[in-house]
Ligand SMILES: O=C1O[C@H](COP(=O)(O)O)[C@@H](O)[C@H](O)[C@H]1O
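Shown here is one chain on its own, the form predicted on its own, set out as structure tokens.
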Amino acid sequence: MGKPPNLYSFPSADELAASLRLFVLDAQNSALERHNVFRVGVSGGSLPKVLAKALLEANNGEGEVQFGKWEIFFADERCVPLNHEDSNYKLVKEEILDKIPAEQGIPKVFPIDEKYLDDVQEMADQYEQTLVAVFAARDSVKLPMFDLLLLGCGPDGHTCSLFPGSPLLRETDAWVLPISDSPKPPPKRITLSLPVASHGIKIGFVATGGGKKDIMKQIFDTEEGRQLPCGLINTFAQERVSWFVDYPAIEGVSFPARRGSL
């Protein structure tokens, strides 16, 4: 029996960002010691804005973000052009990539290939091949192991584009899955599979605001909540998961939270 996930709560966005920075830098430095590259999977939603605050605001604590050693992948992506309002790539580019100071280096970024926008299965296959080329270049591996996955939590408990009750949650072999009928628009997307999303060396969730308190209570305090996508990642990855939340997001949650710092 492993240890449960870590739940860290903070009174303000500034304090959350400072601790998230430490968490990311710790993952970065460990990865650079291991293999001199930092492979990160990120999702969209409100996460990139919080991440930008953590990584780009100079007064946010110590440690050096070595973006030149980063390889950035997308935990999920919408099948839209890269300059489209719904694109996670566009969101990450505008919030983070366009604002990185030159001296911190330029990360290598792996967006979707726009030529497959009309064929979501082909797009998933191609993105999986991208992961294979990077993560299994020398040895065959059953699953890619990201140094860090940074994920969000929807008000229904979805993460990446893995939605509650979806048959995709039962997929065991594929690394990247196509979705043509997402319950949230846009309908066509690709997403990391649950085994890959649970396999990161470190997995960080960010959830803020009172709108999250009901789903957080479900995920952390109920048996049904453990079957939601976020709950399943908690169950499979255990102490490799750390949640960064503000006080309103866990109001009424019984699961023990550590207040204020890592």
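It should be emphasised that the depicted structure is a prediction, and the values quoted were computed from it without experimental measurement. Just count from 1 along the sequence shown to find any residue number.
There is also a form predicted in complex with the named molecule; it is not shown, and the following applies to it.
- Residues with any non-hydrogen atom within 4.5 angstroms of the named molecule in the predicted bound form fall in just one of 120 to 128, 170 to 178, 74 to 82, 94 to 102: 74 to 82.
- Taken together, Ser19, Val24 and Lys53 are entirely out of contact with the named molecule in the predicted bound form: none brings a heavy atom within 4.5 Å.
- Although the partner is absent here, Cys153 lies within 4.5 Å of the named molecule in the predicted bound form, judged by heavy atoms.
- In the predicted bound form, the named molecule stays beyond 4.5 Å of every heavy atom belonging to Lys213.
- In the predicted bound form, the named molecule sits within 4.5 Å of a heavy atom of Cys160.
- At the 4.5 Å threshold, heavy atoms of Gly63 stay clear of the named molecule in the predicted bound form, well away from it.
- Only one of Gly209, Pro195, Gly45, Gly68 comes within 4.5 Å of the named molecule in the predicted bound form through a heavy atom, and that residue is Gly45.
- Along 165 to 190, a non-hydrogen atom within 4.5 Å of the named molecule in the predicted bound form is carried by Lys184, Arg189, in order along the sequence.
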